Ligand SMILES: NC(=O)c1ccc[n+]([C@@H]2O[C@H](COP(=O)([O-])OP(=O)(O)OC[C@H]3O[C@@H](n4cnc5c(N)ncnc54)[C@H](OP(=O)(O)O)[C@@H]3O)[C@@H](O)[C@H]2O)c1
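Have a look below at one chain only, the form predicted alone, in structure tokens format.
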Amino acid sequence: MTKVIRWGIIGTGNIAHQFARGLQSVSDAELVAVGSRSQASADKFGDEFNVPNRHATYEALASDSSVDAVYIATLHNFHKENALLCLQNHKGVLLEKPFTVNAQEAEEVINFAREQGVFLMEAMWTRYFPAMIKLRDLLAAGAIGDIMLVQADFGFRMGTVLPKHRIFDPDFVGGALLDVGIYPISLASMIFGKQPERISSMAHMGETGVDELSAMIFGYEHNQMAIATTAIQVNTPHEARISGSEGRIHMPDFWHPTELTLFRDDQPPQTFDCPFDGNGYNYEAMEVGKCLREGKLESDIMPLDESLALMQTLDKIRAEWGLKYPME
């Protein structure tokens, strides 16, 4: 593997732009190719980020011999086919969350990556921030004793319902759960290191048939719990609170955090400032580069078995609501 990781991006939307900007903060990475569904879109993106190879099809991007790894930034319902295409062409894949539409798709993509011996990772960018690393270190050191409760939310307000917008359209796997609900659910998974044994949830379905507001309670062994809330028509604080037998940790803006505060029983609070470089997307790119140089096929921080387990949890939640997407 070359020292500099040569990246390609599939998709030219907002999240692709964010990742491209993040790559500019990675010294040992280079954006060499972009793939779109039209030459005009690829050229526009290429002009903005000085990308030498601009492809009018995803197939052309996947077969580009100058590319080591591909970031897939397409709509949720295309993740599986785009990932399989890149893996078939032996390109390492960073697959934007949610990993796929459901667990069946996730299992298919993961099995194929393992059969091909090609790197694959879910792009849960939150896991790699300095503040999140500090959180894991504090929890591992027993800073709050036994972890008993995780509370986290991620909601925003779209406003006017636009039936053909990806957020509201079931054909594009719209709704809050898979778009932003994955953040608090993935956080609980990271902290507890497992999926819940019991799930109780409630959702409000909007006029287009997707979930606009929901709350979930997860139950684990040893009486541990997690509470996650998510929305696309309600602004929420985006906070995470982790409570244990000897204290608690508060993390504002946990999906792109810059600080966290430790409250230990009978002691003054202690705030840890954890600024991040770039726009934050650089850290997941750095993790991919590290893994590729070490010859790894997956990340220890976001392992594939956990990505699959998370999709299984999301499936169980949707089953409680009776929510199925048209392609399922």
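The first residue of the shown sequence is 1; numbering continues from there. Bear in mind that the values here come from a model prediction, so they are computed numbers and not experimental data.
The discussion below concerns the form predicted together with this ligand, not included here.
Enquirer: Of the residues 74, 151, 224, 102, which one places a heavy atom within 4.5 Å of this ligand in the model of the complex?
Expert: That would be 74.
Enquirer: Heavy atom within 4.5 Å of this ligand in the model of the complex: which of 128, 119, 78, 220?
Expert: Of the listed residues, the single hit is 78.
Enquirer: Using a 4.5 Å heavy atom cut-off, which of 194 to 202, 94 to 102, 230 to 238, 208 to 216 contacts this ligand in the model of the complex?
Expert: Among the candidates, contact is made by 94 to 102.
Enquirer: Looking at the partner-bound form in the model of the complex, is residue 58 within 4.5 Å of this ligand by any heavy atom?
Expert: Residue 58: contacts this ligand in the model of the complex.
Enquirer: Determine whether any heavy atom of residue 63 comes within 4.5 Å of a heavy atom of this ligand in the model of the complex, and answer yes or no.
Expert: No - in the model of the complex, heavy atoms of residue 63 and this ligand never come within 4.5 Å of each other.
Enquirer: Can you work out whether residue 311 and this ligand are in contact in the model of the complex, taking contact to mean some heavy atom pair no more than 4.5 Å apart?
Expert: Answer no; every heavy atom of residue 311 is more than 4.5 Å from this ligand in the model of the complex.
Enquirer: In the model of the complex, does residue 270 have a heavy atom within 4.5 Å of this ligand?
Expert: So residue 270 does not count as contacting this ligand.
Enquirer: Residue by residue through 176 to 200, tell me which have a non-hydrogen atom within 4.5 angstroms of this ligand in the model of the complex.
Expert: Going through 176 to 200 in order - heavy atoms within 4.5 Å of this ligand in the model of the complex - the hits are 179, 183.
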